[in-house]
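Take a look at this single chain in structure tokens; it is the form predicted on its own.
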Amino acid sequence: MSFLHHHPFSAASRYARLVLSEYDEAVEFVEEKPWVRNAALLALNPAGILPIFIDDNETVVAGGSVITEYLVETKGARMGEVRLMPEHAADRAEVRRLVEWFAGKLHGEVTNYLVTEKIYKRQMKQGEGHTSPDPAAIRAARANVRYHIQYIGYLAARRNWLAGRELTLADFAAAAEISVIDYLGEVPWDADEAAKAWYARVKSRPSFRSLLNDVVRGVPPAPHYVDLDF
């Protein structure tokens, strides 16, 4: 049995979960607190960062982007055309560029602020870093999210999927980040119809179902969150 150490509202964890589901991988989920320095977790990944995947052959793979590429290499071949990475090197480079953009830039400028202030801080106990949400961080995220949605819309309007003709890791890296922001009702969907249409396509995939069932106690999802047609 494979294991994924994750947090339900860690965007990187959601990215790994989506790809695991696309490849129909049986996996046992172990929920962790990203803000706690867990000795057992540090033994698996000294960086202490989620997610951490333990394959059924006991290979330990850490980090959302590393896990998903590992899955493409080890599980993707049996998926035929649904490998999630293109055949040609230049096309793979574009997928990796976009994954870095979404998992790095979008996460750093928007998702991390919102999930920390609105979800993690609510779940932290005294002594774990619990404080009141920082309004300045939330304002920064709200200011930044609009141009990220417009960039997704720019890509979606010119390509079949974000990185090109086929569905790739880039779509799931973006959707994982957007799904957390959307749960909190912080996506300005009025900013770009092409981005909204793209997300509806990804959100309608069977791999998304488990994400749409995640709930934070005391923080209900936005009314449209589980609506596949918005």
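Keep in mind that what you see is a predicted model, and the values were worked out from it rather than measured. The numbering used is simple: start at 1 and walk along the sequence shown.
If you look for the form predicted in complex with a further copy of the same chain, you will not find it shown, but the lines that follow are about it.
- Although a further copy of the same chain is omitted here, in the model of the complex all of E73, A93 and E100 have a heavy atom within 4.5 Å of it.
- The candidate stretches are 163-171, 59-67, 191-199, 25-33, and the one lying within 4.5 Å of a further copy of the same chain in the model of the complex by heavy atoms is 59-67.
- Under a 4.5 angstroms non-hydrogen atom cutoff, a further copy of the same chain in the model of the complex has P46 among its neighbouring residues.
- Counting a residue when any of its non-hydrogen atoms is within 4.5 Å of a further copy of the same chain in the model of the complex, the one hit in 122-159 is Y151.
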